[in-house]
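The chain that follows stands alone, in the form predicted on its own, written as structure tokens.
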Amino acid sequence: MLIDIDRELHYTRDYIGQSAFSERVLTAIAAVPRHHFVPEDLQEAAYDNGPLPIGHGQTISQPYIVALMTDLLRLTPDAVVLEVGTGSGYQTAILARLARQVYSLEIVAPLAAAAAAKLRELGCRNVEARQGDGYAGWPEHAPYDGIIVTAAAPYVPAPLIEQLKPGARLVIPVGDVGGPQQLLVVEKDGDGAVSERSVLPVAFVPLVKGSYK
């Protein structure tokens, strides 16, 4: 793996309370070729540990943040996961290596179509991706063993909490664009009670609500 995730962990371990990611997560990241999800003119930067534009005002997250958010989900091999914000499909492909089934929503139609095609091309057979408003989730396949949101919302959408299985986690950046944002872990316990904790200051593009072409 060409991305030095361990070095980034050194700088953030006091925030996140850990100094290593699970071996399953690191193996999945090492196995997914990030350059396939990056625009052609940015190929040389594909394995830099930083975000990159993918068009339509959206970005592919830096690999360290992808690793962190994935690790925080604590997925098991039989997990069913909802991803809000398919983007280029990079995070989706990593989730596909860790879970039994991935459902992914992307509100930007051209990105949704391109990501679905790329994921099929790379053999991700356990992924179903479509265009949709992530604030509403994907109730047809709920409840989920984990939900990950890859854009910043001003609040935690209630439908996503409702679609979370008891004992599962929702990982989501929350805050205003250009203002402070925090990566949150929202947990629903076995009785349905919900708690949340802040993990790390982050900077994400906004989670778009409504229709978008």
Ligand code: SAH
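All residue numbers refer to positions in the sequence shown, first residue = 1. These numbers come from a predicted model, not from an experiment.
The next section is about a form of this same protein that is not shown, the form predicted in complex with the ligand.
- Contact check for G85, S88 and L105: all three have a heavy atom within 4.5 Å of the ligand in the predicted bound form.
- Interface residue remark: Q58 is counted as part of the site for the ligand in the predicted bound form, having a heavy atom within 4.5 Å.
- Contact check for V205: a heavy atom falls within 4.5 Å of the ligand in the predicted bound form.
- Mapping the unseen interface onto this chain, V80 falls outside it, with no heavy atom inside 4.5 Å of the ligand in the predicted bound form.
- Using a 4.5 angstroms threshold between heavy atoms, P143 stays clear of the ligand in the predicted bound form.
- A heavy atom within 4.5 Å of the ligand in the predicted bound form is found for exactly one of A28, L184, A46, A151: A151.
- The partner is not drawn, yet in the predicted bound form one stretch among 184 to 192, 143 to 151, 168 to 176, 38 to 46 has residues with heavy atoms inside 4.5 Å of the ligand: 143 to 151.
- Contact annotation for 129 to 154: residues with any non-hydrogen atom within 4.5 angstroms of the ligand in the predicted bound form are G132, D133, G134, Y135, T150, A151, listed in sequence order.
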